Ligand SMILES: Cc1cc2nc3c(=O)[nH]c(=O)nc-3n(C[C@H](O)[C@H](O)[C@H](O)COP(=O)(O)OP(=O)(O)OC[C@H]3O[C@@H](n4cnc5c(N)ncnc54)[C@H](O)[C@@H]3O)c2cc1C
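First, one chain by itself: the form predicted alone, in structure tokens.
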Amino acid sequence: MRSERFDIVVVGSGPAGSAAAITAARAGRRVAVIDKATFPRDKCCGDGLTAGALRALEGLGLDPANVKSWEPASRAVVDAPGMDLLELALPGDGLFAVTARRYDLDSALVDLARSYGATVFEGQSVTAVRSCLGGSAVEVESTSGVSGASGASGVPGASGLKLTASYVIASDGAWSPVRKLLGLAEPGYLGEWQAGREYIADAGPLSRDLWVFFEADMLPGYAWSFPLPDGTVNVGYGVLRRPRSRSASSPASPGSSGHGMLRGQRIDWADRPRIAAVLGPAARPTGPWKSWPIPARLGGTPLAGLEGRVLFCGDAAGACDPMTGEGIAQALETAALAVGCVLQAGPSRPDAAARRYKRRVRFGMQVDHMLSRVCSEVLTHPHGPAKALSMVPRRPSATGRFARWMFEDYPRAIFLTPQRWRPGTLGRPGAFRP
């Protein structure tokens, strides 16, 4: 078993984990990343990147040229029964929305973490997380689940690892193994949302826009069609697993709520005329249907463990948006917050790191999530989306402002959290400007 000491061990190398590793490594800390997968690997996702995610990725130093399936979008269209199409032209000064396969994006971020000096251990499943050295450090043990796993320098992976660090950043997903090992998991937890997606090839010209469809049997939830290169699209849907406005004993019925019918299973898009028209007559599946849970419960699950030596971020913190199910921007933000609090507190004050992290999340991101939950209540009702969207004036200035809010160009509840105001917050250029 290989033993080594680091300043920070990051468990999980999706967007949150890679962002945490990059941020800490750039600050001069010695960082290790452990992931049970080997990269590149597929990841169930809608593959959409909002303006908030793009700004964070640019700040990390990501080069879009290293993401093979990078596909910028200039327009979004919202389709809801009972209303005309709401067409949203995205600002042209920089990027505000991009689609990129997680297969490509996550691999590029892992490579970026390596380039900044992080040691990445792939094919390693964490088996123990415990306090050590009299509470001044954390010990993480793992076993190799993949033959030939290697670290940052290409040294063959040992059969297992024993890593010691001042802090652990747990970014290991909705069913976080670290959370389970610390006894902080909720038995039977299945996430607040359930989503599914597949890739469709040979989609028609209409599919080059970002589409959001409000289908009656998906409320509160929606379907999407997001463009990728070469006429491919990511098509899927997400529904809330537990309706908030309906009695638990009230049965779901067609046209009122999809919870009795849609729980992540594949559906035939040809049976959905509005979606089929966008995909076009030649559209065909080009990969398997996959579904996944989405945790959207920030503030409802512990953000720290082992007396502050372990901080949770991304899906492991339940950080996905309660209204849209989007999680990449939130993963990147929680990672930045967690590492920032660790760096401020230093290795000997984990209680201060945890306290600061909880406070910054509570008075920032949690307020965003509260507003999102309130907004999502509108989507519970069959005519809710059309009524809400009809309030957006069909003027370029108004639809532009709505597009910025929809694509997280700034925090959802920015007016309620003035500590996050910055000059030009509501009108700054997009990311990755030429």
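The first residue of the sequence shown is number 1, and the count goes up from there. Worth saying up front: this structure is predicted, and the values here are computed from it rather than measured.
The discussion below concerns the form predicted together with the named molecule, not included here.
Considering the named molecule in the predicted bound form, the lone stretch of 170-178, 354-362, 213-221, 273-281 in range is 170-178 [heavy atom distance within 4.5 Å]. With the partner omitted here, the residue from Leu112, Val78, Val126, Ala165 that has a non-hydrogen atom within 4.5 angstroms of the named molecule in the predicted bound form is Val126. For the candidate set Ala97, Ala118, Val239, Ile328, a heavy atom within 4.5 Å of the named molecule in the predicted bound form is found for exactly one residue, namely Ile328. Although the partner is absent from this view, Val342 stays clear of the named molecule in the predicted bound form, with no non-hydrogen atom inside 4.5 angstroms. Contact annotation for Arg102: at least one heavy atom lies within 4.5 Å of the named molecule in the predicted bound form.
Shown alone here, Gly305 lies farther than 4.5 Å from the named molecule in the predicted bound form, counting heavy atoms only. At a distance threshold of 4.5 angstroms between non-hydrogen atoms, Tyr189 is out of contact with the named molecule in the predicted bound form. Applying a 4.5 Å heavy atom cutoff to the named molecule in the predicted bound form picks out Val11, Gly12, Ser13, Gly14, Pro15, Ala16, Gly17, Ile34, Asp35, Lys36, Ala37, Phe39 from 3-39, in order along the sequence.
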